[in-house]
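Before any questions on binding or motion, here is one chain by itself as structure tokens, the form predicted on its own.
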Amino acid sequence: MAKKKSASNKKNASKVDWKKVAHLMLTSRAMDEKEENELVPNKEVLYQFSARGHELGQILLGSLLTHQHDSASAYYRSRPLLLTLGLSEEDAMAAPMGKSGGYSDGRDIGVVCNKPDADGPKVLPMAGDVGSQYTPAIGWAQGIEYRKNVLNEKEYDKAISVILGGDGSVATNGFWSALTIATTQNLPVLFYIEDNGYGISVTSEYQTPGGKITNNLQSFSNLKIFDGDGTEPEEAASLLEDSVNYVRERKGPAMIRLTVPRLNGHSYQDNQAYKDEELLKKEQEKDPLEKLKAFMVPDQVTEKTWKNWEKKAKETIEEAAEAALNRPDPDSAQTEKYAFAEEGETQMIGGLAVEGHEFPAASEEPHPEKQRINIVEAIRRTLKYELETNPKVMVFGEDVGLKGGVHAATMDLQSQFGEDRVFDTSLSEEGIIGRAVGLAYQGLMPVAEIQFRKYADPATEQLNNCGTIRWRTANRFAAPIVVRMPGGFAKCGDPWHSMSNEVFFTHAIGWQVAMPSNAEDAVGLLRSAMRSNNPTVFFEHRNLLDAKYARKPYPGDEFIVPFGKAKKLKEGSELTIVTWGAMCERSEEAVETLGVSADILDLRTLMPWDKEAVLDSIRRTNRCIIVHEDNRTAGFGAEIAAVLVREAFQYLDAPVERITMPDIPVPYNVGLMESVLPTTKKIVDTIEETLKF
């Protein structure tokens, strides 16, 4: 643990440009005052989070982030850091007003920032949920090491990843997952904890035992601890210099905790009634701006100079606020842009497209081999080819290494491509997905495995945030990743391994969703996903992984299936069956059993889905049955039915029917499972009823 040593403090403090620190602190404080005293009361700013009391440490930290590939993963009280890294006063004022330009073009809360400088330190996209900033920063750190050591890009040497969080965030899944990954993998990460004693109104003792996270981590292996007062200029400067250098010199990950006062409420609406007058007074006495003034006046500058600086800062903010207020509101005609990648518009940070990556030739025409393979082998061969031809592909998840995955889809890949490219992770889905996001920011192609659909639930926050990154940052950042996710029933069912619930991901903004029903489509869709500029959920149905029905010849290394293009399994004129996944086999069996003439459409992808193919079929057959394994209420079949009612009503000669699971989990007992799944018999019965209507 670092201890306060005045000689060391003074040595490090002498390197600091204190005049710049003072100007930035006064600017930040003037911004908060302008918002609190005028802009919020006048409803020009609707959400306001003050940085009062937190400024000094952030500014000192920002001044130490000098490497082109450094990154900071911050949160909503981190505006002083952004100002230090070059955010303009006008942009800083315009964002909380929801004005055009800036880091979200009015789409996100004003203090939820990002900074995608190509030639300087990056500030990764912040989020409004506490603790979600941690694991993407871990991915960035691992990306630094990957690009330096595997891709031999020496310009990444000595770059670091910094994570800013308050004392409340140390209770979150994201914090603990990031801490585990950083320390077990020895990543260049600095955890910067601003401890103001409160998470809104809840004190630190409820966030961590004893109220001091660094006390609890003293015995944590491979973590250097720095601890001190974030309001004392010399002490804070010394600790930050030492901690940043420790990580930059690759001695291991580190944590620095600085105590700071939160001089305002959590947000403007928080009146801090839960603090007594004595505590409020003590906090004001710890104001780092006053301590900085005492440190500089009169030894470094005069009182008059300081007052001139104060005046200048207020004038600057008045001008910036006026300019920001005069900006136009964002163009509402553009609001729906950037949910997905737009053709001809590449994001500034994240994914393969930014650096102009070129892929091998691709074709929608299969060149099948003679031997049929199952879906597991199809996935393995596709991963192998993309790993061979794209050095930026990384495959990871629980048990994907030596074991080769619990479904054997990654068997032998680690032995062929090494532990840097195919590796196991800790048992944290939050960490798996968050890390993937950070790796994508680094321009890599992460292919993450979640062992079963149900196990993705702890990663919901990261999954949702990943999908909205492009939209939230107005195409400044994106995180194209692939998440492989087995699920659905198999030899038996159960509530934990057999969940389907694919509709969740169609509702999650910004995600492509693929659900192949056979080995050929698995190859084409996985390759398409791994070359896409959008994040993709690739759903691998457990009952199809080794099923005879799903076995097809390997279609060749060039084969690719575009998203949003359905496949016609059978062609007919009496009715249309729309289905996907394991229900394709049962739908075909039902049609063959009855000998009816039917179109069977395998959607293959649900986001986007091939609406035109379905509508075209309905216009010919005039009847439709939708078959899916997911639960009935609000399943994706309901979306299809709603579209048909609106856009094909005049062609329908019978009600649109849905055959689905009821609204219960999948039972374990095989008989119970088959009693609730869509079966061939249920499809047969529904076909007969529909044709009689």
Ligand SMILES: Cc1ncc(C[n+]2csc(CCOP(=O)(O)OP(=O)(O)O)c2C)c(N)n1
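The first residue of the sequence shown is number 1, and the count goes up from there. Keep in mind that this is a model prediction, so the values were computed, not measured.
Beyond the structure shown, there is the form predicted together with this ligand, which is absent from this document and is the topic of what follows.
- Within this chain, residue 512 is remote from the site of this ligand in the predicted bound form, having no heavy atom within 4.5 Å.
- The closest non-hydrogen atom of residue 253 lies beyond 4.5 Å of this ligand in the predicted bound form.
- Interface residue remark: residue 198 is counted as part of the site for this ligand in the predicted bound form, having a heavy atom within 4.5 Å.
- For the chain shown alone, residue 266 is a contact residue for this ligand in the predicted bound form, at least one non-hydrogen atom being within 4.5 angstroms.
- Here the chain stands alone, but in the predicted bound form its contact with this ligand, taken as any heavy atom within 4.5 Å, falls in 162-170 among 320-328, 180-188, 162-170, 365-373.
- With the partner omitted here, the residue from 341, 130, 490, 596 that has a non-hydrogen atom within 4.5 angstroms of this ligand in the predicted bound form is 130.
- Among 77, 115, 604, 527, the residue placing a heavy atom within 4.5 Å of this ligand in the predicted bound form is 77.
- Residues of 442-480 that come within 4.5 Å of this ligand in the predicted bound form, judged by any heavy atom, reduce to 461 alone.
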